[in-house]
Every structure is written in C-alpha cells, then in structure tokens.
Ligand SMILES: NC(=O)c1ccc[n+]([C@@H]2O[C@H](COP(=O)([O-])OP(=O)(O)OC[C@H]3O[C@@H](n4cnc5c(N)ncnc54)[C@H](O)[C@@H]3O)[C@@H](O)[C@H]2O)c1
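Below you will find one chain, with nothing else, as structure tokens; this is the form predicted on its own, and questions on how it binds or moves follow later.
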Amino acid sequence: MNEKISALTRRQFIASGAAALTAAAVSSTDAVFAQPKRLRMALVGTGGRGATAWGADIVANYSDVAEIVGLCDINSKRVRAAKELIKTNAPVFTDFDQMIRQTRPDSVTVATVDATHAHYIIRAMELGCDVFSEKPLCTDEAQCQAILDAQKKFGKKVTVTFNARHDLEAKKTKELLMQKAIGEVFSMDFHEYLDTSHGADYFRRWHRLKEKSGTLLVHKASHHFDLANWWIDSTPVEVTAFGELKFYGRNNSFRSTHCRVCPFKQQCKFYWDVTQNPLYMKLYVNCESEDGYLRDGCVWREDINIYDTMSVVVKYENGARLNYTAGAYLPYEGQAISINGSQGRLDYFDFGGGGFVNKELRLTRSFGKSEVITDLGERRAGEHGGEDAALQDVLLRDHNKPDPLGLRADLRAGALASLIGIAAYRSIERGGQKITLKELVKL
C-alpha cells in the first residue's frame, strides 16, 4: 500500500513538475513575443547632426524601441569618432551597400551633405529599407523625380524629419487653422532672420556651395516652406523669386581659406575659433586629413555661390499666397509669421534678441478681440527647443498612434518643400521668371 502511494506520489510529482515547466516555458515564450521588436536603424552621415540627434540621442533616449546597427560615413576617421560620441557598439563602414547587407536594418537615417540625400534614399529603398531623411529631401528637380519614381517602384516608406512642425506654437497654429479660427486662409507673410552667428555659419561650411546645398532656399527654407504648406493645407503650384549674395563671399576686401590660419584674425568680426568646440574638433578638425573639409571656412571666400538675401512668392492651388523673405547677416535671430484669413489673423513672433518679445502667438479675430494664445502645453528640453525629442517620439514611440495634426511628414510633403526652394532658385537664375512645379516634376 505504501509502495503504491509512493509510486503514485512520484508520478503526480513528475506530472505536476512537467506541467509547471511547460507553463513556465509558455509564459517565457509569451513574454518574448510580448516584447515589441526594436527598430533596427542604420545611420549614413555622422557629422554634427547625424552623430547627435540621430546617434547619441537615439542611444540615450530610445534604446527600448530602437537600436543603431550600423554607422556609415565617407570619412573613416569621422565615423569612428562618431561611434565613440554615440556610445554604441555598432560596426562602422565607409561603404554604404556593405553596411546595409551586413547589418540588415529596417530603416536608414540619411544625414549626409544635402546633394547626396537622393543617392542614399534611393539606394536604401533598392536594398529593402524604409528611410528617415533629414531635410531637405533633395536639391534639384532631377533628384526629386528619381526619389518619387523609386518610392513608387519599391514601395518603401520615406519620412522627412521636419522638426519645425513640432514647435509648440507651430502645432497650436495648425490646430487653430483646422478649427477655422481665422476662417479661410488668404495669405501668409513669413520673414526669417538669421543673425551674424547662425546665419554666418552656413557660409563657413559646405552649405556655401549651391551644388551641395541647393542654396539656403532649399537647405534652410525647406523647413519654412513645409510649415507654410502644412498650415495652408494646399499644394503649391507656382513660384517667383529674387535672390542675391549681398554681404558674404566676394563682398569684402580681405579673405583667407579658414579662420585658424587667417592673417586677419584681429580685424575680422567673423573670426571664429573652432578649437574651442570639443565636438567639432572630434568630428571635423581631427578628421580633415581624410577629405580636406574645413569646418571653420572663411565667410569671405570667393567660391561662395549661394544667396544671403532672398524673396519668394508662392501661389497655392486654393488661391492662397505665401510671401517669404530671408536674410543671413542680421543683428538678431528670429521669425515673424503672419497668416491672414477671411475672419482674422494669426501672428507668431519668435526672436532671440533685438529687444523684441521672445515668443508670442496672437489670434486677432475680425470685429473681435485680440488675444495671446497661452495654452500650448509643456515645452520639452533638448535641441531646437525640444522639437527634436517631440519629433522622435512621434516617429519611434507613437508611430502607431493617431496623428490628427499630421505631424508626420511623408515623401510628398518633403518633395513639395524642396520643390519650392528648387523652383525659387531656378526663378532667380532666370531673372525672376515664374516657375510652375509641374514643369519640374510629375507628382
């Protein structure tokens, strides 16, 4: 009897133990499947923007939802320096195709020189990857058409990382316009003020060359044209523009190649000591032997062929007009934006000096009151006033959530923003001739 009981007990114990082990295994399997798959991200272009916003920030703040699996740059020293700054174990490459084939990413972030964006965007899609592209999407109409054709052929997703949409005032402006707070939008005045620090810096770098940046009308203003397109909620159809190089470049009596070797350091108000910036020393100065790129280039170099004074008029499909101006040598930094509608006006001011109010969004209703809009939400910490973090949240954490304001900028949005700038410089080249977007590309 005792032997029978003992045998039964052993059988029960074994059975119950097996069941427990099975349950544990099932539970463990469920836990594995319950964990969301991290997005495998590869980065091409490891300069300041790529290494920080799309490198170090991803590792520090989004490692639970994304992992960097590869870094690529044509400069082998820079990509190794970026790896240390990013604090990643991802392998480094100078060959883009090799990186994609070896690391098999889900998406590629493109943060290279503007004129090379199209090459990497198209190649990434050909190799089976979705794309996050820094603005601008492209720098000429042929590149734009090639990207549109490639996306149609390969069916991959292209997102343009317009962080300016994520400014609190910008989002509130979109919300008010969707609510018809000023009725139908008739026109917009958008004035961009770049000062003798920020504005001048574009003329030190590769941006100074039209063939690399598409001018500031593409590189910088694509942010602004995207905001205008997003707010007006219509398709731009024609552009007229004027632009000149009135201040930098040849408009000075002396010049050098770059600030470190300049004999005019004592008299030049634009002398800038790059050696005081540890990040730029690591990513640029210490890497000059690879490609000869000078981060502290002279703002008076005669090869500068972009504009520092710009004026653009854009006509939209719905009849609205955008009047855009920009100057890159002004005594203070900021923006002044006014949107005029059938029932009122929105004014957005954002200045970094000059004695003006710092930030203000004002709604003035026709035959009604004028009020400063204050219910904007909490301002985030980080680069670009927290806009980078807000953008990355939407793209990496909240990508499956509703997007009522349309914060995610797709390929069409990126193309239209670039095309306004491209049409603008084509208009300038042709003496202010009107350029239609449909003559540039087939959307």
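One rule holds for the numbers: they count along the sequence shown, beginning at 1. If you're wondering where the values come from, they're calculated on a predicted model, not measured in any experiment.
Unshown form predicted in complex with the named molecule; subsequent notes refer to it.
- No residue of the trio 185, 229 and 235 has any heavy atom within 4.5 Å of the named molecule in the predicted bound form.
- Note on contacts: among 247, 293, 242, 264, the single residue with a heavy atom within 4.5 Å of the named molecule in the predicted bound form is 293.
- Taking 338, 311, 75, 252 one by one, only a single residue has any non-hydrogen atom within 4.5 Å of the named molecule in the predicted bound form, and it is 75.
- Note on the interface: of 397 to 405, 373 to 381, 63 to 71, 42 to 50, the segment with non-hydrogen atoms within 4.5 angstroms of the named molecule in the predicted bound form is 42 to 50.
- In the predicted bound form, residue 200 stays away from the named molecule, with no heavy atom inside 4.5 Å.
- Taking non-hydrogen atoms only, residue 134 approaches the named molecule to within 4.5 angstroms in the predicted bound form.
- Contact check for residue 192: no non-hydrogen atom falls within 4.5 Å of the named molecule in the predicted bound form.
- With a 4.5 Å cutoff on heavy atoms, residue 107 does not count as touching the named molecule in the predicted bound form; it lies far away.
- If you take 87 to 119 and check each residue for a heavy atom within 4.5 Å of the named molecule in the predicted bound form, you get 111, 112, 113, 114, 116, 117, in sequence order.
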